[in-house]
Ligand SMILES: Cc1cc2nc3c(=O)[nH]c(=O)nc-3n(C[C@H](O)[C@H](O)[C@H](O)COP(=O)(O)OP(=O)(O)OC[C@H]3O[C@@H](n4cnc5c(N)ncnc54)[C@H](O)[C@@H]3O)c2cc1C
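Only one chain is included here, represented as structure tokens and corresponding to the form predicted alone.
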């Protein structure tokens, strides 16, 4: 099977790159083992919220403070704004409505009631331009009886600290009672499968019965597993404005985003190899010619270009060995420290050096193998070196922008 581009990894970066290329009429295949870090998406996408531990209010203006080998510097500060706009448009084309501006930090409410700076916020997620500028005077935080992955009092405290009066209420739906028989079943995705149709109408009745003078109802983000249909239906039946607060993963917003991006990718003509992984690649003259997968056996997949989007340690795009950090698919060169003791800081809350580890790439995001550049294999997303997404709040932003950047390059080249 022959393609223009084969993408290895079906998370946020892989899917966005696939959509961009398929939109340009390229023959694209995505090979993915299944669940990705996208399933843990909080409902927002950060671009850059801090540099060297200092909060930033204007992410674009703060790019110049980043290390030289940071992925954003390889993209080019002058192109970040346009690519950020294009990335948001790709999400919207897939049906994922987002709000935000690359040049201005927005704040969303976290499961613990803190206000986290971010870039794009998915439709319906509780957010404000700034905690001091929220449009609500009073809010009601609503939880489902027996649901333990949401903390109403923490959320209410966060609202109060922002000068918003808050109260907590609990609703009890008989249809959710059976989930409480096992603590492993009372989870966001399981609840989302039940909150539809007649059960959704019962929830609307309960919410309308709360009364009071609150201007907004804040619910755990456990509605709408595959699309926004259920959230839209619920809002139409409830008199007050509803906003959602992310919960402890699994993330319904993340699962929904992955499903919508995959559906859009396939609608554009892309091929999606689900539940498969690349077992080895065939290299010749500094190029990757084809790959074998676990499911296809000796059947090879050929392409003009390849994109590696397998993620970092979480998704095993990088693997820690006793003596080194390795990229397990192709044995690519990894940017890392030589000494194991230098990979981490004993202070758990300090910046950890291993967070900046990743595959070595040139300014075109082409990877290297044995010290030599692979001309047609590029890396995107969290497998890239040079960034500390946890401390910078940049992980999803790097995934989106590196995907758009590399897809643009391949469209221009071919």
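Positions refer to the first chain, counted from 1. Fair warning: this is a prediction, and the values are worked out from it, not measured in the lab.
Omitted from view is the form predicted in complex with this ligand, to which the following refers.
**Q** At 4.5 Å between heavy atoms, only one of the stretches 345-353, 43-51, 362-370, 57-65 reaches this ligand in the predicted complex; which one is it?
**A** Result for this chain: 43-51.
**Q** Considering only heavy atoms, tell me if residue 220 and this ligand come within 4.5 Å of each other in the predicted complex.
**A** Flag for residue 220 set to no.
**Q** Is residue 6 part of the interface with this ligand in the predicted complex - any heavy atom within 4.5 Å?
**A** Residue 6 lies outside the contact set for this ligand.
**Q** So in the predicted complex, does any heavy atom of residue 385 sit within 4.5 Å of this ligand?
**A** Residue 385: no, not in contact with this ligand in the predicted complex.
**Q** Is residue 406 close enough to this ligand in the predicted complex to count, meaning some heavy atom within 4.5 Å?
**A** No.
**Q** For a quick test of understanding: in the predicted complex, does each of 19, 224 and 259 have a heavy atom within 4.5 Å of this ligand?
**A** Result no, not one residue of the spot touches this ligand.
**Q** From the list 263, 190, 315, 101, which entry has a heavy atom within 4.5 Å of this ligand in the predicted complex?
**A** Exactly one listed residue reaches within 4.5 Å, namely 315.
**Q** For the stretch 32-48, which residues lie within 4.5 Å of this ligand in the predicted complex by non-hydrogen atom distance?
**A** 32, 33, 34, 35, 36, 37, 38, 40, 41, 42, 44, 45, 46 sit within 4.5 Å of the partner.
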